[in-house]
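Have a look below at one chain only, the form predicted alone, in structure tokens format.
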Amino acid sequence: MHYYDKEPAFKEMRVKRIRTTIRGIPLTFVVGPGVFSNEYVDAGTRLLAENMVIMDYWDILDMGCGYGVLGIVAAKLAPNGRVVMVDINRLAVKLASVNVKLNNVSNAEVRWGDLYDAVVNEKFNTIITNPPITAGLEVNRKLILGAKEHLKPGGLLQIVIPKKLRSRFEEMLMNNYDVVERLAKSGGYIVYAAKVMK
């Protein structure tokens, strides 16, 4: 079983709830087997959620949304903005849809799709992602390079990377974006903001 699969296989569906607080916002997530980090909000996602730059009225894309942590936090931080959450894992899409309602979010929608197939011709102020590292370098390269086509001028790709893969991912970001900054570093992870100027 792999959480990046379209249809993760498991013998029985045992959902449970995770309760947590991020940026002072109390949140509840329904999770299940076959999705990433179904015991707790993982350290990389939490670091990005706590440090990502989100402005009200922004159009926001949560790429590889899983059960919805980043997109839901972003929607709470930008109550007048619009959030699109995308995942290739159909179970993740179902759980994220449940969690949007569970957390009383009205400005987010969840879509199924392989990377940017679900947002053709749409552009965003920021794309936020905890990328599927175990899906391989090629998938992650497509995610990082594809983001440029879906960012408005001055838009930000905000991404969290394991420190052990820092050099490989930093090189991809530096070679393809106009400005790259580190927003945070903790617990084996680094959060980057990569900007396209035009």
Ligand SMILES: C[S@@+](CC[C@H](N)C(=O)[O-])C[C@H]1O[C@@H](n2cnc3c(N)ncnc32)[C@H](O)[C@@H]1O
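Note that the structure is a prediction, hence the values are computed from the model and not measured. The first residue of the sequence shown is number 1, and the count goes up from there.
Same protein, other form: the form predicted in complex with the ligand, not shown, and the subject of what follows.
Colleague: Contact check in the predicted complex: Met63, Pro132 and Val139 versus the ligand, with a cutoff of 4.5 Å between any heavy atoms. Do all three pass?
Modeller: The answer is yes; Met63, Pro132 and Val139 each reach the ligand.
Colleague: From the candidate stretches 168-176, 151-159, 64-72, 25-33, select the single one in contact with the ligand in the predicted complex, where contact means a heavy atom within 4.5 Å.
Modeller: Stretch 64-72 is the one.
Colleague: Between Leu77, Val119, Ile88, Val105, only one gets a heavy atom within 4.5 angstroms of the ligand in the predicted complex; which residue is that?
Modeller: Going through each option in turn, the one that passes is Ile88.
Colleague: Look up in the predicted complex whether Leu115 has a non-hydrogen atom within 4.5 angstroms of the ligand, and give yes or no.
Modeller: Flag for Leu115 set to yes.
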